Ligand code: 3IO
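Presented as structure tokens, the chain that follows is alone, the form predicted alone.
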């Protein structure tokens, strides 16, 4: 009888232990959340440098709960397929240049208008605030993790460009808002991803490009383009987006960390970009003998006067599509002023 009673107690005790174990939520093991992050330019370029910084911060702040596999150079998704590839789940996270699809990202691409954004840091903070205020429909199918911009675009060319006469008819690579600017100046804009530009320069398909100057070093354009003409005219906006199902499946503490990183990453990337451009220009001059051309005030005035119709046309076209175009431009100018005095 006593042995039977002891057996009953043991069964009850075992059942209690088993129930308790089942009631406790399982601990999340290190590296249990694995994310694939796609990017299109080569690893040394600034969009990939910021990607690696974001990866490091996420893994550190989640104490290894999240691990991020990065895929630079279009190895997982290329530039043109980045947004749709993330939406369909081919990659969990992707970095895209919105200027490559101007009709798709109308609102955020307004930062590419010639509105006086003078640095990547200012541009990145303006873009992030603009996105958060308007929450454009074009991003409804993804989770936006951060946004940032290039530094202002300048002309890199095989021949010297010192006047409007010099740029007329010149074949230059550009995309998005920068393409309209080249057209206004009389150049022939050639659209292509940045990754295809080195070969196009070597083959003579283009005589230069219109972009931010970090590529002079990162993509070794200084070996071919021996002239830089400073215009500081337009920026290119980027976004880092995540598949919505993967985002929704993340633990709340991980979501909080990623949300907090959004504005911080925009600020960090802008500052990194500005510093990197200065390093690239110095390297181009010292190591490659590149000449830096500064337009005279009179000449710059002529160039700038040709650009106002671009903003006017964007306002008219965006209004026709239902955007609060005038308010958007007003906000960009106000935010630019706000961050310029910091």
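A quick note: this is a predicted structure, and the numbers were derived from the prediction, not measured. Numbering follows the first chain given and starts at 1.
In what follows, reference is made to the form predicted in complex with the ligand, a form of this protein that is not presented.
**Report entry** Heavy atom contact within 4.5 Å of the ligand in the predicted bound form, the stretch among 33-41, 52-60, 283-291, 297-305
**Finding:** That would be 33-41.
Query - Listed residue (227, 268, 105, 100) with a non-hydrogen atom within 4.5 angstroms of the ligand in the predicted bound form - result: By the 4.5 Å criterion, the partner-contacting residue is 100.
Requested in this report: Identify, from the list 215, 172, 201, 76, the residue with a heavy atom within 4.5 Å of the ligand in the predicted bound form.
Outcome: By the 4.5 Å heavy-atom cutoff, the listed residue in contact is 215.
Query raised in the report: Wondering, does residue 236 line up within 4.5 Å of the ligand in the predicted bound form on heavy atoms?
Result: Contact with the ligand, yes.
Requested in this report: Classify residue 70 as contacting or not contacting the ligand in the predicted bound form by the rule of any non-hydrogen atom within 4.5 angstroms, answering yes or no.
Outcome: Residue 70: no, not in contact with the ligand in the predicted bound form.
**Report entry** the ligand contact in the predicted bound form: residue 109, any heavy atom under 4.5 Å
**Finding:** Residue 109 lies outside the contact set for the ligand.
Query - Heavy atom of residue 146 within 4.5 Å of the ligand in the predicted bound form - result: Answer no; every heavy atom of residue 146 is more than 4.5 Å from the ligand in the predicted bound form.
Query raised in the report: Across 43-78, which residues bring a heavy atom to within 4.5 Å of the ligand in the predicted bound form?
Result: Residues within 4.5 Å: 45, 46, 47.
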